[in-house]
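Okay, so we've got a single protein chain in two different forms coming up as structure tokens, structure 1 first and structure 2 after it.
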Structure 1
Amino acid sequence: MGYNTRRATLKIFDEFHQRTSAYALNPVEFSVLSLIGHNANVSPSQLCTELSLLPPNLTKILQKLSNKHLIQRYRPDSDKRAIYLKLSDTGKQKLEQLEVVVSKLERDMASKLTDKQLELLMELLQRIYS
């Protein structure tokens, strides 16, 4: 199982890099950007939990996304100790563009599977990690 999931992951990541090279983001950075974009008031610790990242690794990713002006950090009025993340306007545009590319990539990579097989694959994979 590990061998097969690794081979599939490598093939998908290779295709991801080819199709998204203009954005200069790797799959994990894209995942972080996507989670920030789809979750209001998400905190760095929530991202670490969701993506199983160590805080120092996430800090580097957030710094890169911030340097590219894709995300912003902010403190909510309700709790000045908390730090939340949101997409900048540039980040929203890039995420929208990337999601089109990645959606097509995922459809292409799963083209040998029927819709039912793909649904089953997703269900089975989710059972393993949840």
Structure 2
Amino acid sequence: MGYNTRRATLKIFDEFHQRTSAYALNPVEFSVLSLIGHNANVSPSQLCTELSLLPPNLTKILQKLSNKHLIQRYRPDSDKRAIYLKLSDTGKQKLEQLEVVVSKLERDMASKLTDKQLELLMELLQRIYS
């Protein structure tokens, strides 16, 4: 099973790189961008939990996204240790574009599956890791 999930991941990630090379973001970085986009004011620690990333590694991803002016970080008055994350206008624009590419990618990678089968595949995978 691990063999099959890994082979599928490699294939999908390879195609992801080919189709999104103009954005210079890898799949995990895209996930971070997407989660921030759909959960404004999310914190780094929440992202670490949700994506199984270690804090030091997430910090580097956030620095990269920040250097590309895709996200903004600010410290809330309620807790000056914490950081809230949200997308910049550029970030929102890029995310929207990327989501179109990625959703087409997903459909193409599953070209041998019906919509129902793809949905089922997702559910079975989630039952494995959750």
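What we label the rigid core is the largest C-alpha set whose atoms superpose within 1.5 Å from one form to the other. Here, residue number means position along structure 1's sequence, counting from 1. Residues that one form lacks are left out of the comparison. Please read these numbers as outputs of a predicted model, since none were measured by experiment.
Of structures 1 and 2, the one that is the form predicted together with the DNA: Only structure 2 fits here, because that chain is the form predicted together with the DNA.
Structural rearrangement between structure 1 and structure 2, runs of 3 or more with C-alpha shift of 2 angstroms or more, core superposed: Residues 75 to 82 form the single run that moves by 2 Å or more between structure 1 and structure 2.
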